[in-house]
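Given as structure tokens, the chain that follows is alone and in the form predicted alone.
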């Protein structure tokens, strides 16, 4: 399984970003990549910095979505798996969604972001309903892939749910950078370490693809800090981008070797689900 993360800056117009993403996907494929991850909401600037009704019009239904359709053709031509992050409209509901495209160009399904943040500069609850798909994995041509979206990456339950469903790799398209209330605060190390923990705890590679560049909103601005990376099943970083430059990361993993590691290490054998009931309540109590 050869995994890749793309790191890029976003222009304001969709066509430019689609062209940039395609160029980098092709570069990854030329390096042998089989599964290529593009950052979250890569069609434009991260519009959740502000709350404007005009930006709600960005949402488009998945069926016939022009960006999804474009990358279906790219996936089919190159023989690569592409999780494509878009703003989805489903009747009167709006979601932060990934459409999972297999290597033959088939849309295998969608995952809708489960955890929706709400803070200065990241006011996503204005734009997105909480996802209703549950955590999902897909049996692609190159292996079983689980995909979360950005804020999902901070929650160990999401990664564990995907691992329990058989994920051989977990991917997180991302948009994260400075915090408008305190631009000097840097979460990049924390951000990486949390996902490295998911890799080590579940014995699967983790891929995170972030954007770069400074984007100005009406009342806020964010400098996205890149630092995209790929971690191996022990949580060690095996590929990492810097904070400011476009990048294509590629790392190769032996699926059978990882499968044997997961079986022999005992992390799944020794689970005690009957003792985890407190996880089902917001206050640590049982939900019912």
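Remember, predicted model here, so these are calculated numbers, not experimental data. Positions refer to the first chain, counted from 1.
What comes next is about the form predicted together with another copy of the chain, which is not displayed.
> Look up in the model of the complex whether residue 72 has a non-hydrogen atom within 4.5 angstroms of another copy of the chain, and give yes or no.
Close contact is absent here: in the model of the complex, residue 72 is far from another copy of the chain, nothing within 4.5 Å, heavy atoms only.
> Could you tell me if residue 267 has a non-hydrogen atom within 4.5 Å of another copy of the chain in the model of the complex?
Yes, residue 267 is a contact residue.
> Can you work out whether residue 280 and another copy of the chain are in contact in the model of the complex, taking contact to mean some heavy atom pair no more than 4.5 Å apart?
Result yes; residue 280 sits at the interface with another copy of the chain in the model of the complex.
> Heavy atom to heavy atom, is residue 110 within 4.5 Å of another copy of the chain in the model of the complex?
Looking in the model of the complex, residue contacts with another copy of the chain do not include residue 110, since no heavy atom lies within 4.5 Å.
> Looking at 213, 143, 121, 131, which is the one with a non-hydrogen atom within 4.5 Å of another copy of the chain in the model of the complex?
So the residue touching another copy of the chain in the model of the complex, by this definition, is 131.
> Could you check which residue among 116, 94, 78, 99 gets a heavy atom within 4.5 Å of another copy of the chain in the model of the complex?
Checking each option against another copy of the chain in the model of the complex, the one that comes within 4.5 Å is 116.
> Quick one: in the model of the complex, does every one of 190, 197 and 236 get a heavy atom within 4.5 Å of another copy of the chain?
Yes, because 190, 197 and 236 each have a heavy atom that approaches another copy of the chain to within 4.5 Å in the model of the complex.
> What stretch, of 82 to 90, 134 to 142, 99 to 107, 205 to 213, brings heavy atoms to within 4.5 Å of another copy of the chain in the model of the complex?
Selected stretch: 134 to 142.
> Pull the contact list for 140 to 165: residues with a heavy atom within 4.5 Å of another copy of the chain in the model of the complex, in sequence order.
Sequence-ordered list: 151, 154, 155, 156, 157, 160, 161, 164, 165.
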